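The chain below stands alone, shown as structure tokens; this is the form predicted alone.
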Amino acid sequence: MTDQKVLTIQDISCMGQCSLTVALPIISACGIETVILPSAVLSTHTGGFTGFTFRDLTEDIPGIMAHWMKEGLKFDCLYTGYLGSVLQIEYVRQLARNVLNPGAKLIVDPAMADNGQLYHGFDEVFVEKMAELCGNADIILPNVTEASFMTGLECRLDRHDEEYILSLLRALAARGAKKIILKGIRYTESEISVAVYESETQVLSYYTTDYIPYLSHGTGDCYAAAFTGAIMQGRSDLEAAGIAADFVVESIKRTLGDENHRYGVKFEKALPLLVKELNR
């Protein structure tokens, strides 16, 4: 087990299994010290709740960064999740320059779209800035919808073929993305795959699991956190992609049948599986 520090910047929902609320426990369970930088605080997440409170913490980020720099604090990985504005993307660039150790990884989950649509509040300007950030990252984790927005290519939600997936991967690589973990690939109705693409060598690999027809808030965040933890424990990109996929599938399975659990997946029940895989 390695002894490294991951800094993750994204919002935190007091109630709801997404963003920092899942990133902190999942990466910590992987044996990695996890430092958080909340970009906003919400009473609940926005999926299925109404009347939630929201406090934007963008103005606090420069002061936090300045304090860390004064203290000489450095991190071995910066993992970004949901970012709420173009300014927050710029602050991520500054964090990457100022508080990362030499050779540290920048892992970007461009959490801005799904099911063919951008999340509320995002526009073409945000998409372009996120694509630029992804072009500077070591590893990116878009879903098919996010990849299509960042490349300007057609968005297909199902009935994928390898020609289409390769077009997305090559277009992302052309924008500078080094390693791409493309989520939500549907070659068949019964399976869902993740593509792992190395831009320099153009090597493409897949990890495939059974498709469970269950939609829930936060599964992408659970995936990204588990992937980051596995990568920081020295696993290969494909190994980490598979470990994260199995973890999310198990989390979904543990949630099925509980109609009252509408705010996420029971990832806590699947943490023993994640820890077991990382200790093999």
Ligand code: PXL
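From 1 onward, residues are counted along the sequence shown. All of these numbers come straight from a predicted model, not from anything done at the bench.
Here the subject shifts to the form predicted in complex with the ligand, a form of this protein not shown in this document.
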Among the candidates G47, P62, G31, G234, the residue which, in the predicted bound form, approaches the ligand to within 4.5 Å (heavy atoms): G47
The ligand in the predicted bound form: contacted by all of S13, C18 and L42, heavy atom 4.5 Å: yes
Contact segment among 251 to 259, 64 to 72, 214 to 222, 237 to 245, judged by heavy atoms lying within 4.5 Å of the ligand in the predicted bound form: 214 to 222
4.5 Å heavy atom contact, Y82 and the ligand in the predicted bound form: yes
Y119 within 4.5 Å of the ligand in the predicted bound form, heavy atoms: yes
